[in-house]
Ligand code: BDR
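What follows is a single chain, given as structure tokens, in the form predicted on its own.
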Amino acid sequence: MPRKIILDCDPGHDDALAIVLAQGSPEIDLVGITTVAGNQTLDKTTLNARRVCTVAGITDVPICAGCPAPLVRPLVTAAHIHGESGLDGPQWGEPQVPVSDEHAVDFIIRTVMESDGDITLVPVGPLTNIALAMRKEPRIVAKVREVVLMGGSTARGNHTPAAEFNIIVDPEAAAAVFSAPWPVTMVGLNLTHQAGAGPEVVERVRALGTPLAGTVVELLHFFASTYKAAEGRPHPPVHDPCAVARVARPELVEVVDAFVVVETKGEWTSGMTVTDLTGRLGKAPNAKVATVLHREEFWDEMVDAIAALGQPGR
């Protein structure tokens, strides 16, 4: 039985691939896409979700726009990685997929509360929408099957030395999500940096020969250029699809139990996901933390999803 998910995202190049994997994987039932400000402003991330869905032929999944700013802080974006549009690289046509009138927070609450407890939340951007949904309707915490998020790190960050981007954009929201009594899996940089899109991956995608595959190649080329300039990495890590892969095929992403807390007050460490892998703090584990990616099988899953969405009539 495919796993029902709501993908909460801020597209973003790797978010675009997460959307493709979520819709193209036979193990996933994508029931909704919600957008949040993060990699770019909300108007841009929502437009980008529409663009990706248009190119991928995703016409039956609602897209709901969410929060335009973090809970208490000014918005920080990542134009240095994703460009001014948030999805630079391809030449995008006019999107053909509409945006729902329903706010993302209300969509999350309604979908979860009307479900049989089988909805998994997969947030791959700042956690503002999720935290506000919890605040507005606390009963969703008991109703959600699990939360599998892309964010954080067991070691260093990528936006500051201490903090990963999704978490530092809204650390108060992240702290609320990690402290809630629901199952949480953290798919952080220590895992996603294992998902580099090397030349062999790009050529596999290119060889599919579909319009969607061509768009993905263009996305990966742009993403590679900015990642190399910003971090010196030769192959861009596709962070967000790793969280989707954990839901689709859990065996692709190995995890351990750990206590995780988000730093919200540190002068230099705000947004850090303090991850106690050895029990030194004496706290019971509150999350599963991703540690090992089975890279070849992950890319098989990703390429298969791109191929599936490129088929006529799909």
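Just so we're clear, the structure is a prediction, and the values are computed from it rather than from any experiment. Note that residue numbering begins at 1 and tracks the sequence as displayed.
Keep in mind the form predicted in complex with beta-D-ribofuranose (BDR) is missing from the figure; the text below concerns it.
Here is the short version: of S153, N158, T215, T111, the single residue with a heavy atom within 4.5 Å of beta-D-ribofuranose (BDR) in the predicted bound form is N158. With beta-D-ribofuranose (BDR) left out of view, the stretch that reaches within 4.5 Å of it through heavy atoms in the predicted bound form is, among 20-28, 301-309, 288-296, 7-15, 7-15. F178 falls outside the set of residues with a heavy atom inside 4.5 Å of beta-D-ribofuranose (BDR) in the predicted bound form. Taking the partner from the other structure, beta-D-ribofuranose (BDR) in the predicted bound form has no heavy atom within 4.5 Å of any heavy atom of V147. The shortest heavy atom separation between T45 and beta-D-ribofuranose (BDR) in the predicted bound form exceeds 4.5 Å.
Under a 4.5 angstroms non-hydrogen atom cutoff, beta-D-ribofuranose (BDR) in the predicted bound form lacks I119 among its neighbouring residues. Shown here without beta-D-ribofuranose (BDR), the chain has N158, E164, F165, N166 in 151-170 lying with a heavy atom within 4.5 Å of that partner in the predicted bound form.
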